[in-house]
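Shown here is one chain on its own, the form predicted on its own, set out as structure tokens.
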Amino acid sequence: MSNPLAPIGRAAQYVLLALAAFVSIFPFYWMVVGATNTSADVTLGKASFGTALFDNIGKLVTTLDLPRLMFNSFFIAGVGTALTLVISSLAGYGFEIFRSRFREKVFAGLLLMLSVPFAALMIPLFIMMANLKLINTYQAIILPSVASIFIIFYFRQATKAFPHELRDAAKIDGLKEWQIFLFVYMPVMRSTYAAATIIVFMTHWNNYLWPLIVLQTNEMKTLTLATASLISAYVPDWGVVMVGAILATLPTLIIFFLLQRRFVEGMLGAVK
């Protein structure tokens, strides 16, 4: 016998999903609509498309050095992502494959460090970078994040599903450990790498606080910092700000849509 309350429950689920979708999508809609309107229209809350898109784009191009900002952002995000994936995946692989008396204690210590807020690390990290004369350089942004504790944890958990028989067979065939990692482990764990790529790239691309502290000239600033600086004007031009926000959002959206299938597989722990 069917439950008479089932249709009501199903309807409530759809209503909640619709509300969640609206809350998720509306900021993007508002950003796109705002980019086509004047600052006055945005301030008044106009929610329909306007005709000021090309004017806003022109103002943004004349206000910011977009080629330099894009280069800085892509260089920091690209190099930072590559180094983070290599170093963190090596660490995660090592923690899971190699056994030691102190392995779990060291790993527990790493996880404990996740509870330390970045605000507590900013000053000593800045002093360290100043002593190394790395202030206002790409290295100051990239180096502190190449060994991500979360990504190490993620790769170690994913490596639990890695077939150890493949490693044993590779060792019998005479492969060294670095060859096993490069030619066996990495291809098998490609879904995990894809998911980690999205997470790490978005983290580097959207990084704001640390670059704000150590990047001190306009030539070194990223697109995220430059877009945020538009809001600090005495009278912000919100149409231009919205265009800058779209430009800063597009790369992360493109990366996600290109790797979304692998991302789902990687988050589910798929191994192929």
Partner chain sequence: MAQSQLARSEQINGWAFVAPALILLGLFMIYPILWSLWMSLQTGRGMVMSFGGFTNVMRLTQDPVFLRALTNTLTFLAIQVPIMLILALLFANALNDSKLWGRSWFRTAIFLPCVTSLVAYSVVFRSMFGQEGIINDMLMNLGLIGSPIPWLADPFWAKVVIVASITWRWTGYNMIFYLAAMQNIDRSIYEAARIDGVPAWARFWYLTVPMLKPVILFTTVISTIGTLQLFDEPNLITLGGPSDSTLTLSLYIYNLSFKFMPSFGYAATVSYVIVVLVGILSVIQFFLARDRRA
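Numbering follows the first chain given and starts at 1. Everything quoted here is computed from the prediction, not taken from an experiment.
Missing here is the form predicted in complex with its partner chain; even so, the following discussion is about that form.
In the model of the complex, no residue of the candidate spot (66, 136 and 258) has a heavy atom lying within 4.5 Å of its partner chain.
Out of the listed residues 87, 186, 170, 79, 87 is the one that sits within 4.5 Å of its partner chain in the model of the complex by at least one heavy atom. Its partner chain in the model of the complex is approached by residue 124, whose closest heavy atom lies within 4.5 angstroms of it.
Looking at residue 51, you'd find every heavy atom of it more than 4.5 angstroms from its partner chain in the model of the complex. Contact annotation for residue 31: at least one heavy atom lies within 4.5 Å of its partner chain in the model of the complex.
In the model of the complex, its partner chain sits within 4.5 Å of a heavy atom belonging to residue 150.
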